[in-house]
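The chain that follows stands alone, in the form predicted alone, written as structure tokens.
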């Protein structure tokens, strides 16, 4: 691209990304001159950067779809919402993980720098309007996550998880890139709008388009962690340090939704019924079944929540496969509510952990009510919400997705989703039973987390209740940003 052809509008559109990139580079260079005891400066600068990015995104947000950078970048209400929520999720992840990493003497500036670069990848995905921009966002996010998983260099389990993630992720990225190259060859364009128009004019069942679509669905399913491309999820969630697992469960899911929406809905919406709907249906059904059933057998809560994530991804894909504005809004609503619930769930694991002890077993939650009634109540709210128990927000998230599926006449999918939600409730309620009806194995007061973390974690638990009591606020916002 000729620098002389960059307009003022282009610069305004990409201001949040440019600010984030510049601030991250400053933090990276500044951290080189800090000692371990001064690492809190990097932490504070990272939070200030996230606050600045969120403010700039809200201030420069466009109420209507605006395309810039020669058709490769789009700013619209959807991208603005995804970026602001992603900034909030990353800030909470940094806050929850700071004390944990500091206690174990593994608090390094790379944790914050890699997290900010991963956020940049999510933001690029949210505003991508061409295949090249999408792939740039995917790889920027993925490479940052690979390094984050291996962040604790003294942990052999983390290194093994990172290698698995890297190898499988590279294969999935190759499949996605191959699918994109076929799309370019068939349609003659990299811009999503042009691809959509070209696909609309092609005959149903065009073999080249379907062939490329199959590889794209593989890439999208892997980034979500959906079955049958889910093998990395439990191993990575279990092997990575808990703050990294928390990070993985939050902002990257927003990036995965952006990838699926931009590619499938905007770029290939014309072949929804004749192309990708059946593929996504199979992936969604398998994810809900495998995620809920296998989670029952888990004794490690991080692995349990990993399989729980797979089942939640199945519900997100149910909304996407509907192919309607209501379905996309339901999928976005579910994605945001899942991020809120998952950061709280992993935050509770960090809270119960202390130096030399990882609270990653279900047994570690025994008798939590006797040790801390308030945080037992917070965990109860989070588990009930994930299970879809009213009046918590998770109930409404499942309800709107099932309603979107019913609106396209897929009664069997709705029945399956309801039945497996009942199955999934078992392993969530098992955590509640352990907290309230079993004797504690450790009667000491909770030692993990500082005052700021405990305050935010309390708000996190109350948020799933408040958003459940007033579901229309977030649901209306999601409906408004979907074109």
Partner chain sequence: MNLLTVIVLLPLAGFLLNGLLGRRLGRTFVSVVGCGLPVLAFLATVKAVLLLQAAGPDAALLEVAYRWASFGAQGFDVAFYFDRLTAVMTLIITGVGSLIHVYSTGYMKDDPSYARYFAYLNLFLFFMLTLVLGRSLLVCFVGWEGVGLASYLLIGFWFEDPAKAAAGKKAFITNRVGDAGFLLGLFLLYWALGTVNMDEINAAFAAPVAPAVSASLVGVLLFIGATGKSAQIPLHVWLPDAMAGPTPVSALIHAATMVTAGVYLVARLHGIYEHAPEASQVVAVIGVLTAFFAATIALVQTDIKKVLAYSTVSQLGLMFLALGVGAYGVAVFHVYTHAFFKACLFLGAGSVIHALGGEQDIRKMGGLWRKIPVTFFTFAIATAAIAGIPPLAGFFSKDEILWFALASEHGGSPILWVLGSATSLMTSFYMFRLLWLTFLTPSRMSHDTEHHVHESPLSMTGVLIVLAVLSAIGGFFELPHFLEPLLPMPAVLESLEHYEHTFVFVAVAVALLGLAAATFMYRRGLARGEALAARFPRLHRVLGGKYYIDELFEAVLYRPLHWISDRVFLGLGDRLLIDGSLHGLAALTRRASGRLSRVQTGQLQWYVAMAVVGVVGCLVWVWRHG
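Positions refer to the first chain, counted from 1. Quantities reported herein were computed from a predicted structural model and do not represent experimental measurements.
Omitted from view is the form predicted together with the partner chain, to which the following refers.
The stretch in contact with the partner chain in the model of the complex, judged by heavy atoms within 4.5 Å, is 203 to 211, chosen from 203 to 211, 131 to 139, 188 to 196, 377 to 385. Put simply, of 55, 436, 426, 455 only one has a heavy atom within 4.5 Å of the partner chain in the model of the complex, and it is 426.
Residue-level contacts in the model of the complex: of 338, 307, 96, 112, one residue has a heavy atom within 4.5 Å of the partner chain, and it is 307. Contact annotation for the candidate site: 84, 145 and 252 all lie away from the partner chain in the model of the complex (no heavy atom within 4.5 Å). The closest non-hydrogen atom of residue 303 lies within 4.5 Å of the partner chain in the model of the complex.
At the 4.5 Å threshold, heavy atoms of residue 275 reach the partner chain in the model of the complex. In the model of the complex, at least one heavy atom of residue 470 sits within 4.5 Å of the partner chain.
Of the heavy atoms in residue 406, none are within 4.5 Å of the partner chain in the model of the complex.
Taking a 4.5 Å heavy atom cutoff to the partner chain in the model of the complex, none of the residues in 74 to 110 make contact.
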